[in-house]
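First comes one chain, alone, set out as structure tokens in the form predicted alone.
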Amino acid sequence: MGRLKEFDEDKAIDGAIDCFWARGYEATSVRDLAEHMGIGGASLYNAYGGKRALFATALERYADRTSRQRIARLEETGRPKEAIRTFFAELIDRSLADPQRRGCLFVNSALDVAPHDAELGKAVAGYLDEVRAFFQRCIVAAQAAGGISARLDAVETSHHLLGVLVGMRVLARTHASRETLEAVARPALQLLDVPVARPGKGKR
């Protein structure tokens, strides 16, 4: 039987997320983590096995409380095309509302961790791909409903939207303005407005 944790695990993991998010994986020490989590270094090792394993746990919790939660909420609306637009609008709002401009933990980790740790890099890529898959599902659903042109390649467009999203998250860390972030998003979102071919139109 594993050793019982003698601390508030949710609060501790939230502290770890904040620490990794603010400092980055490489620059975060076990002492930093223990301080932010409100526990001792020995408790950290006993409960999580060390910094690397704790980082993996923090990423999973971050996914549950950010992208997964937002995706589930937007998909429940039944308006797939608008869901993509709202996702980007909320991303801009969240980026600007953060006074520290920390960006996205996944995107930061893709730059900080992925080049040096293949396994963690694969995990980070998987979290980002969950967002890309959301874009793809929305495009396919909107195409089925006649709201997005069937000429648009759903897979390629979902990859493009993810690339724009990642770029915006990096740009936001430089204290880019709302106008700048919206200007970056606008051409990508305009792809969703390619005219839908109507029966009998354009045929000779």
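These numbers come from a predicted model, not from an experiment. Residue positions are given as counts along the sequence shown, with the first one as 1.
Beyond the structure shown, there is the form predicted in complex with another copy of the chain, which is absent from this document and is the topic of what follows.
Residues of just one listed stretch (56 to 64, 35 to 43, 157 to 165, 138 to 146) have heavy atoms within 4.5 Å of another copy of the chain in the model of the complex: 157 to 165. Another copy of the chain is not shown here, and in the model of the complex it never comes within 4.5 Å of any heavy atom of Ala150. Another copy of the chain is not drawn, but in the model of the complex it has a heavy atom within 4.5 Å of Ala22. Contact check for Leu171: a heavy atom falls within 4.5 Å of another copy of the chain in the model of the complex.
Though the partner is left out of this view, Pro187 does reach within 4.5 Å of another copy of the chain in the model of the complex, counting heavy atoms only. By the 4.5 Å heavy atom rule, the three marked residues Val107, His116 and Leu128 all count as contacting another copy of the chain in the model of the complex.
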